[in-house]
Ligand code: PHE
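Here's a solo chain for you in structure tokens, the form predicted alone.
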């Protein structure tokens, strides 16, 4: 049955079977078995269904992540509700008037919510996503992105070096050439992950932060496609009435390059991401012929997106594990 569920992603059938099993569970052990079956990290049905999303045809991807999350929440609530009466049956004598202990239930961290939402928006445009190494080679983090040794752009990155060849990646752009080396166009992919820079912590900077890189390679992409895509993303994320604008910038690995700003009431124009057409040198380093193919790339910080979306004034609030703060989301 599991193989069939993973193949067709029949969420209604998963829900029907789970509800049937919950209605028949009479012991705490039975409930725990159901929890592992559906929520287990390695073999849980919902976990494995989620992993199948990138393999779906484009027309079936839209909204599937949201449906899975809703089903996950529903089953978790039912499990918690049913666990209470089951546990009482185990005791021979229980004083039902004794006040119970309040248990703090976990929730989705706002950063996780933002990353998932960005993935979902670009997934509807045909983008998949993949992880990459946080301990990276200097070659992929800088050299193959058109930043050789002693390039001035390296100075502003404030890099944590492990040795002459290894470092903690300063941006998820390091995945661009890695991915191009192993995949042929057309390419549409996101690289979400954690990055590191030697920044002093303050209300808008931390030495460890998240970034999402996007890469598209084909034979017909244009700057206008990039700007239109980013405008669509920003309005999908912040609201359809959002105002956006772009202006010229410089990145060694894109040419031409731009930055995008959004107009936020009370704060004015705020920069949310950098982007541009992939530099032909980077395409060559990724074993792609720049005479046949071209593309564009962009990079954004989920931390900054979360600050704007939820009206948070200090980025450190996202990482200090204050449950009073996190329960608001």
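Owing to the predicted nature of the structure, the values given are computational and were not obtained by experimental measurement. Positions refer to the first chain, counted from 1.
Missing here is the form predicted in complex with the ligand; even so, the following discussion is about that form.
- Picking from 297-305, 279-287, 33-41, 48-56 the stretch near the ligand in the predicted complex, with a 4.5 Å limit on heavy atoms, gives 297-305.
- Among residues of the shown chain, residue 197 is one whose heavy atoms approach the ligand to within 4.5 Å in the predicted complex.
- By the criterion of a heavy atom within 4.5 Å, residue 213 is counted among the residues contacting the ligand in the predicted complex.
- The closest non-hydrogen atom of residue 262 lies beyond 4.5 Å of the ligand in the predicted complex.
- Under a 4.5 angstroms non-hydrogen atom cutoff, the ligand in the predicted complex has residue 171 among its neighbouring residues.
- With the partner omitted from this view, the residue of 251, 233, 140, 129 that lies near the ligand in the predicted complex is 251 [heavy atom within 4.5 Å].
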